[in-house]
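This document starts with one chain, in the form predicted on its own, laid out as structure tokens.
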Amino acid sequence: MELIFKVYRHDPTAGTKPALESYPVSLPDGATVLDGLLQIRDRHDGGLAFRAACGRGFCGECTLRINRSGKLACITRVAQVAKDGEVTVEPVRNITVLKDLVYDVDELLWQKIAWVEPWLRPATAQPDGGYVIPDAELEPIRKAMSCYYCGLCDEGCSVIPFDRRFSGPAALTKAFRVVFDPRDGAARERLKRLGEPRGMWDCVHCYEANEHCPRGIDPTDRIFDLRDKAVELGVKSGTANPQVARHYDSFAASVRQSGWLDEGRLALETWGLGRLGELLPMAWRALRRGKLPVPYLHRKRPGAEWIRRIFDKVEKRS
């Protein structure tokens, strides 16, 4: 199979601009993108920098953008991704490139994972003989424990391109792993930390993380689990973003009262009168189009009483 690999080349220390360089490769059927990179390094340019380790899709070292999509180079077959006889290989997005296809993994993952404090903090001293946890109690977190930090979920995240400080789905999946561990005794403190800006409430639930995860961990759902746990424990937001708790309470109160959402009330109660001026331009545009909701004058929808009964039943159970 004769192909052209277009490979991202950049050495920040040389002061040159990034560029895609083309290399002819000859690969057997079933060859992977990693096989192509190895051939380029061996036959064309020994200075090509890239990471790889296991070669079996278990370590996450070779995460790259292949034809504009995040993939593991060692298990991505060129026959499946080549377009018009070409394969484009680039580092993942929104991260500092150190050289060619090697990027700063500490910035991409490890600093964020350290921020969520991914170590157990037992509520009591370890009993004699250690902790004995029934397998059934660990089942909810077993899938999360299989994460090998390839970074594909962060690469596909739709928030990080706009805010690179966002902790990201990989770190929040690690947070899920300790919050839901039955041996940990610091769930409230953890969730308060995760509720601060850059944490779990900054996720826009686009489900891209689920689509990109090669392990089927579903990081977006794990973020929802953290949010649900926070609400259950009464930790609806951190200290720096109280609008999150106000948004939650206003949303619930509005639906409970009228059976559906009062958008005007939600905006006012979330941001308060102090930020009313910032909302006026948007309100004026909505008014001109006949789409301005009048706060607190929201009519009830049919069946609103049944919706209120659902709220009453849930609150009684909790």
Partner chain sequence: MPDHTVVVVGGGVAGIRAALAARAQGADVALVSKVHPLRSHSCTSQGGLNAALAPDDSWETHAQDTVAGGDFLGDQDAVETLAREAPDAVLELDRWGAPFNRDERGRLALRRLAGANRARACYADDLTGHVVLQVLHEQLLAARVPAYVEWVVTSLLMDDGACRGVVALELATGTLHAITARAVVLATGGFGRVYEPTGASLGLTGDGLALAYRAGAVLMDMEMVQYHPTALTGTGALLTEALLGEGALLVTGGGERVMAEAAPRLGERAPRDLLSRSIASRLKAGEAVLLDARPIGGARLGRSFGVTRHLVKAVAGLDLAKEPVPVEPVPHRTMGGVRVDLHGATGLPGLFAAGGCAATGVHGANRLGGNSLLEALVFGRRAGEAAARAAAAAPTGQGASSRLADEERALEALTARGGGPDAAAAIRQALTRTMREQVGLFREAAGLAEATRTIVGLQERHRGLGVTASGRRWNSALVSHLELGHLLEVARVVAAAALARQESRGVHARRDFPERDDTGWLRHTLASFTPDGPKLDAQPVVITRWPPGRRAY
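In this text, rigid core is short for the largest set of C-alphas that superpose within 1.5 Å between two forms. Quick caveat, the model's predicted, so the values are computed rather than measured. Numbering follows the first chain given and starts at 1.
Although not depicted, the form predicted in complex with the partner chain is the subject of the following passage.
The closest non-hydrogen atom of Cys147 lies within 4.5 Å of the partner chain in the predicted bound form. Put simply, Gly130 is close to the partner chain in the predicted bound form: some heavy atom of it is within 4.5 Å. Heavy atoms of Gly70 never reach within 4.5 Å of the partner chain in the predicted bound form, leaving it off the interface. Taking the partner from elsewhere, Asp181 is found to have a heavy atom lying within 4.5 Å of the partner chain in the predicted bound form.
This chain is drawn without the partner chain; in the predicted bound form, the residue among Ile95, Leu138, Val81, Ala186 with a heavy atom within 4.5 Å of it is Leu138.
Once both forms are fitted on their rigid core, the CA atom of Glu137 lies 2 Å or more apart between this form and the one not shown.
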